[in-house]
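Below, in structure tokens: the form predicted on its own, a single chain.
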């Protein structure tokens, strides 16, 4: 029977190296959009079947993501999202508040008007997803908004660290959104865009930090007890 709702979308046939990178991207996207459900383990063979590839590149990708603390491999070989503890949550929040406002300020120097227009387009789509309660679309678009800004920084150190942090908390955010919805989320993106257009680094840092605190605050209130 064909799985109509796989954890990750199928990966087209390709060379071994290309397949590994495609699997990596597919699994990371699945984590970022909450397709990996906290507490629910999956198998390497099952993931490989979903992706339409052999288990070898999946094993390599899972081992890489386990090294980033985004996934863990249990003693029985099954794979799951690591448990979110209060201590882990506090560290992720602290790290995000240290890294992301800095990346945003670094990115500001390299953004051009077309980039800002793209951010506004993404934010309009975010408004639409909030209105319809489409949590998966919101998570995909929210990630696109932040990383359009962060990637502009051209950072070789802070950007990979931030990417790893998002992989660690995203599955829990999806669980919370599924329970409490997205309609009450505060959108700090418009304040960020206004700060970018004004070239106001202080206001941009404040908008990004506020966005992080509000989002992680929702996870802190609802995710640790119910996820």
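Numbering follows the first chain given and starts at 1. Each form is matched to the other, and the largest set of C-alpha atoms that superpose within 1.5 Å is called the rigid core. Here the structure is a predicted model, which is why all the values come from computation and not from measurement.
There is another form of the same protein, the form predicted in complex with a further copy of the same chain; it is not shown, and what comes next is about it.
- For a residue to qualify, one of its non-hydrogen atoms must sit within 4.5 Å of a further copy of the same chain in the model of the complex; none of 109, 129 and 152 qualifies.
- Only one of 197, 49, 64, 40 lies close to a further copy of the same chain in the model of the complex, with a heavy atom inside 4.5 Å, and it is 64.
- A residue is said to contact a partner when one of its heavy atoms sits within 4.5 Å of a partner heavy atom; residue 120 fails this definition for a further copy of the same chain in the model of the complex, lying far away.
- Contact check for residue 99: a heavy atom falls within 4.5 Å of a further copy of the same chain in the model of the complex.
- None of the heavy atoms of residue 124 is located within 4.5 Å of a further copy of the same chain in the model of the complex.
- Contact annotation for residue 168: at least one heavy atom lies within 4.5 Å of a further copy of the same chain in the model of the complex.
- Contacts to a further copy of the same chain in the model of the complex (heavy atom within 4.5 Å) from stretch 44 to 63: 56, 59, 60, 63.
- Taking the rigid core as fixed, one finds a CA shift for residue 133 smaller than 2 Å between the shown form and the other one.
- Once both forms are fitted on their core, the CA shift for residue 114 between the shown form and the other one remains under 2 Å.
- After superposition on the rigid core, displacement of the C-alpha of residue 154 between the shown form and the other one stays below 2 Å.
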